[in-house]
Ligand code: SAH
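Single chain ahead, written as structure tokens, the form predicted alone.
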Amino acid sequence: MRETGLERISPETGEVEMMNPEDLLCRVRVVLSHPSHPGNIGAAARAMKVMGLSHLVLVNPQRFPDEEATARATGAADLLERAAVCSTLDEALAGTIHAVALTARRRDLGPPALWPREAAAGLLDQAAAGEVALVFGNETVGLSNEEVQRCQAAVSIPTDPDFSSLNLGSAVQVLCYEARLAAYAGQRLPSPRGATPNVSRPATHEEVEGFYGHLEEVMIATRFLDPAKPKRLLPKLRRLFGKARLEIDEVNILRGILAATQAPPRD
């Protein structure tokens, strides 16, 4: 099958088809080279799973498997169980067609560093055609020049220059987040499970105008608005509620409040 960008051309129909974003994310490996702290491995696994990535590869981890890694994974222990452990970066990148190296410092050799959003877009574009990788270095020294040169692109996270130290798990989270946004480029992101769907439809023109008429009526009755000298009060209120893009449930609530001010006082 010939593929291009986040689309692919079906050999059966010849039509352009959008790839499933989750399928794209399954093609992204997260490679941790020589991680020294098992807690960071667990944190990285959790960061990956939250963003829909599942392929973790470790190059010569100092301690793995380890109870601390499992504890820090918090629900992503399955990623640790399936993690591949390699002895070299070449082995970890075997079969990939594109790799992006995280680097915090300027390199004389190797690919120029991109911003995360740009790098993630390029990574997911390549993922439409095959396996790709995000490569992270050791917590203390990062990636070596030789490791960076084995990648086709580099990425730097724009941290504060006065405090640029970023935890490995946090760095993985940033890049996985950008990868997820890139995978869903132009598409609606799925809602979290258990989220209450927005079932209220947008209010129609006449429903909104009915609210404005009701509001004006109450403002005049309460002497908040002098119809002889309205000034710019009503246009400003229209602008205010126009920004909210009122839904029918919201219009009903607002009109209910207005109706309550018109009701006779209770005994």
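Just so it is clear, the model here is predicted, and its values are computed rather than measured. Sequential numbering from 1, following the sequence displayed.
The next section is about a form of this same protein that is not shown, the form predicted together with the ligand.
Taking the partner from elsewhere, residue 125 is found to have every heavy atom lying beyond 4.5 Å of the ligand in the predicted bound form. In the predicted bound form, the ligand lies within 4.5 Å of some heavy atom of residue 105. Within 4.5 Å of some heavy atom of the ligand in the predicted bound form lies at least one heavy atom of residue 159. In the predicted bound form, the ligand sits within 4.5 Å of a heavy atom belonging to residue 140.
Checking 89-97, 177-185, 149-157, 72-80 against the ligand in the predicted bound form, the stretch whose residues place heavy atoms within 4.5 Å of it is 149-157.
Contact residues in stretch 153-171 (any heavy atom within 4.5 Å of the ligand, taken in the predicted bound form) are 155, 156, 157, 159, 164, 165, 166, 168, 171.
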